[in-house]
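We begin with a single chain expressed as structure tokens, specifically the form predicted on its own.
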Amino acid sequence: MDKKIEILFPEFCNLYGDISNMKYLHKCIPKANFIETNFNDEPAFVTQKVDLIYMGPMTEKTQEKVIEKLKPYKQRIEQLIEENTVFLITGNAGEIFGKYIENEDGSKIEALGIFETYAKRNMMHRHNSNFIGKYEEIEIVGFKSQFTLGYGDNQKNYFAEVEKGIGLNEQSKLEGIKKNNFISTYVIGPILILNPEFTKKILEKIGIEEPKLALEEDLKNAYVQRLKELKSL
């Protein structure tokens, strides 16, 4: 059976070129059914079995709209997480699944509340940094560029342990959220193109045995070079 990949709100959630994650995945599994769910559509995951749900980074105003859009489906999202559906959530999209997003004036935007983390905005200061972190046996490489930092306890459900850069915030060495097959990370890049072994893991999680990547050798060579360069900085 062909795999079903849902891309949430690609017309909005595509900052930093992270939609290239899905463009690359399409090259790896061209027979998969890629569903682009626009903002005014009902998400396919509400009524269909979806193998992978992807959402990328967005503007702060869009975050608030997406939270309201997804609130009616909170229980369904929690059910899918418990059932081991694969989620890949990149950049500030992950903040939507936390408790709230706090503005500089202290006002709070209530989020979905699925996880115990929360975010604080600082629109006058963009954090930029390189990143290396350990996810299982894989060293993840990438970048961060964000007006928000995350807070809260992710010790039991973090995505990667930091080797270079920051975790949820500048005092944290634990990056992102991972529960079952739900992965949320501030790391951008796009992460699937920069990390071929991680991409294989994602494909394995959706049930593809011995996955073959598009341009695999080129990506592996670039990964080795990039990892070496980032470690030397």
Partner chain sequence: MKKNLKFYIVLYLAKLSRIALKLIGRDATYFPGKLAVTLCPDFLGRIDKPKTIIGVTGTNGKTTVCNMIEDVLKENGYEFIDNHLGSNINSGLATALIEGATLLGKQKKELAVFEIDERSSVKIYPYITPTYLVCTNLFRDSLKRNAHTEFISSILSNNIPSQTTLILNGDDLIVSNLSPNNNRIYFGIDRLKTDTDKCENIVRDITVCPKCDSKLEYDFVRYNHIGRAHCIKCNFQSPKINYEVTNIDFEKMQMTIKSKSEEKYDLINNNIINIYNMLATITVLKELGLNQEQINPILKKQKIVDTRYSKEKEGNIEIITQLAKGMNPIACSRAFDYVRKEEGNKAVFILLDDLHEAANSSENIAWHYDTDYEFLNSESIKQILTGGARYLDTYVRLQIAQIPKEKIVHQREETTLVDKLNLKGIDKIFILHDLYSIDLKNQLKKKVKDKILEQNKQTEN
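These numbers come from a predicted model, not from an experiment. Positions refer to the first chain, counted from 1.
Below: the form predicted in complex with its partner chain, not depicted.
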In the predicted bound form, does Asn103 come within 4.5 Å of its partner chain, counting heavy atoms only? no
Examine Leu219 and determine whether its closest non-hydrogen atom to its partner chain in the predicted bound form is within 4.5 angstroms. yes
If you check in the predicted bound form, is Lys4 within 4.5 Å of its partner chain, heavy atoms only? no
Can Lys201 be called a contact residue for its partner chain in the predicted bound form at 4.5 Å between heavy atoms? no
Would its partner chain in the predicted bound form be within 4.5 angstroms of a non-hydrogen atom of every residue among Asn130, Phe143 and Gly189? yes
Its partner chain in the predicted bound form: contacting segment from 42-50, 66-74, 193-201, 169-177, heavy atom within 4.5 Å: 193-201
Residues within stretch 114-137 having a non-hydrogen atom within 4.5 Å of its partner chain in the predicted bound form: Met123, Met124, Arg126, Asn128, Asn130
